[in-house]
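Presented below, as structure tokens, is a lone chain in the form predicted alone.
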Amino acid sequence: MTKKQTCIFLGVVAVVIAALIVGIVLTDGLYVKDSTIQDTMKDAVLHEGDKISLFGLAVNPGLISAFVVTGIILVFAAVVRIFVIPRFKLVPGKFQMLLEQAVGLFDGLAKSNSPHRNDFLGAYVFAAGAYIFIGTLFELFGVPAVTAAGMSVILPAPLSDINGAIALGCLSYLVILSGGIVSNKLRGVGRTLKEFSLPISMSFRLFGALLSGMLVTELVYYYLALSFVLPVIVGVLFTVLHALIQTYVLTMLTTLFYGEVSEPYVRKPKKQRKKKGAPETEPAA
């Protein structure tokens, strides 16, 4: 980078910073807070003031997000299966290679962590991983909705609602339980029930991670001095990182515990007891 280019770059940065400061000063009197930061955070968690009417029922916006994301995934899967997969070639194109890499990633994860009965497990972790990843990125599109009170809200990530996180955590636990039952019958049930805190930890890990990103973004938006440019960077950064990390964490935990409970039980041979009065044999010279 030459001296001239450095000066130009610093000049552009200074102009951007000056424009942000001018914007903050000029809009300070126009910015009116309709609620406290405590109310904003509470509403983001409990959704008491942003319920959406669904066929006459007041539901959390996360449920609407879950329906939308599920519909998007199902339509995409149907289109790929009908129009794309029949045209796969021996020498793959870019989309075919991307799809094969994604399927191979989750299938390899299932086989490496669960050598026994992993066919269904690979399909499940692929579906769960796709749902977490796409559902987390869904909030970046800013899909609007109207609440029952007539207010406008942005649909959040489905798993930022505690109900959605609990549902996915319990579903993963049931998949793990099914693997234990098929492989080891009642012994597999005992192995799975031993980890009774697993669905709770999986659910709250998802919920806490995704909610934290949303709360940080809300906090940045709430204060005027931070509400220029920075929320975009923070929102994208937290959303993408959480999408990648939580997809990996839940699928890894599911495959690990599934592999543990589905491992066939091998009965250890009992040691032969010495008979009373039997002469002891001396070791051969």
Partner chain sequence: MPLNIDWQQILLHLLNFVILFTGLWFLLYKPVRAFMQKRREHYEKMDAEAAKKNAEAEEKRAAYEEKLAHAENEIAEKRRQAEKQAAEYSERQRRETDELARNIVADARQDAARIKAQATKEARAQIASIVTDAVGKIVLEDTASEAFDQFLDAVDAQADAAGAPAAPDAAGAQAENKKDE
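Every value quoted in this text rests on a predicted model; they were computed, and no experiment measured them. Residue numbers count along the first chain shown, from 1.
Omitted here: the form predicted in complex with the partner chain. The next part is about that form.
The partner chain is not drawn, but in the model of the complex it has a heavy atom within 4.5 Å of K89. A58 belongs to the set of residues with a heavy atom inside 4.5 Å of the partner chain in the model of the complex.
When contacts are judged by a 4.5 Å heavy atom cut-off, Y248 does not count as touching the partner chain in the model of the complex.
Within this chain, I166 lines the site of the partner chain in the model of the complex, having a heavy atom no more than 4.5 Å away. For the options V80, A148, V189, L215, the residue carrying a heavy atom within 4.5 angstroms of the partner chain in the model of the complex is V80.
The stretch in contact with the partner chain in the model of the complex, judged by heavy atoms within 4.5 Å, is 94-102, chosen from 194-202, 180-188, 94-102, 138-146. Shown here without the partner chain, the chain has F120, G122, A123, Y124, F126, A127, A128, A130, Y131 in 120-135 lying with a heavy atom within 4.5 Å of that partner in the model of the complex.
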